[in-house]
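Heads up, the chain below is alone and in the form predicted alone; it's given as structure tokens.
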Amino acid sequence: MDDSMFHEDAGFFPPVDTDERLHIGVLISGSGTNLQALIDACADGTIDAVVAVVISNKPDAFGLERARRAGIATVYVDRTAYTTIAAYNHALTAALMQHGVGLVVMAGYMRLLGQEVLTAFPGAVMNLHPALLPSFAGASAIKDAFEHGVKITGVTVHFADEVFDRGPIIAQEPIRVAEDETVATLEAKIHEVEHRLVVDAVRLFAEGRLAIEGRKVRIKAAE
């Protein structure tokens, strides 16, 4: 496999990483504020893990710059360079595996993740969604919930499967919609909760405290 498949700042073959902690691969499409929350939580010891690589389907995603500033390898995978979705997803898988990833986190990654990645990381792909699933699935969840007139919305972290926003739910937190709320103020509230909830979910995974039982995720007591 040559490095024309995707572009990595540090080169296709990364330096040998001797850190034995859980390696996280984060998939992004935008500014990466949830990525930053994970970077900070790993740095201060809240999560016993390391963000090993950040991958984006957009070359100008600011999340890539956040990763570079933290000394984290970055990869841009160009969907237009591949004739099929399967080939694109194989490239994602190769990049994640090259960095020894044990958990994949979709943090504002605006694509459906393919079966190729899910099969390579069974029970180890998380997605963050700005609504209380199964309500308001999809890319415009905040606006959809607001326009529907809900009084309560929220944030969901779940394990991903082959159907968009369907997988077993790890954690949820409700957010009350104020009478004078706007989409912008609601989005700010949601982002604040997202940053905390994704850190909590990843911490539980790193501690080995999550067990998938059919549609449910059981959280084991701390030892």
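Computed from a prediction, not measured in an experiment: that's the story for all the values here. Note that residue numbering begins at 1 and tracks the sequence as displayed.
Just so it is clear, the following notes concern the form predicted in complex with a further copy of the same chain, a form of the same protein that is not shown.
- The stretch among 165-173, 64-72, 22-30, 38-46 whose residues place heavy atoms within 4.5 Å of a further copy of the same chain in the model of the complex is 165-173.
- Using a 4.5 angstroms limit between non-hydrogen atoms, residue 122 is distant from a further copy of the same chain in the model of the complex.
- In the model of the complex, at least one heavy atom of residue 135 sits within 4.5 Å of a heavy atom of a further copy of the same chain.
- Using a 4.5 Å cutoff between non-hydrogen atoms, residue 88 does not count as a contact of a further copy of the same chain in the model of the complex.
- Proximity of residue 150 to a further copy of the same chain in the model of the complex falls within the 4.5 Å heavy atom cutoff.
- Contacts to a further copy of the same chain in the model of the complex (heavy atom within 4.5 Å) from stretch 201-223: 215, 216, 217, 218, 219.
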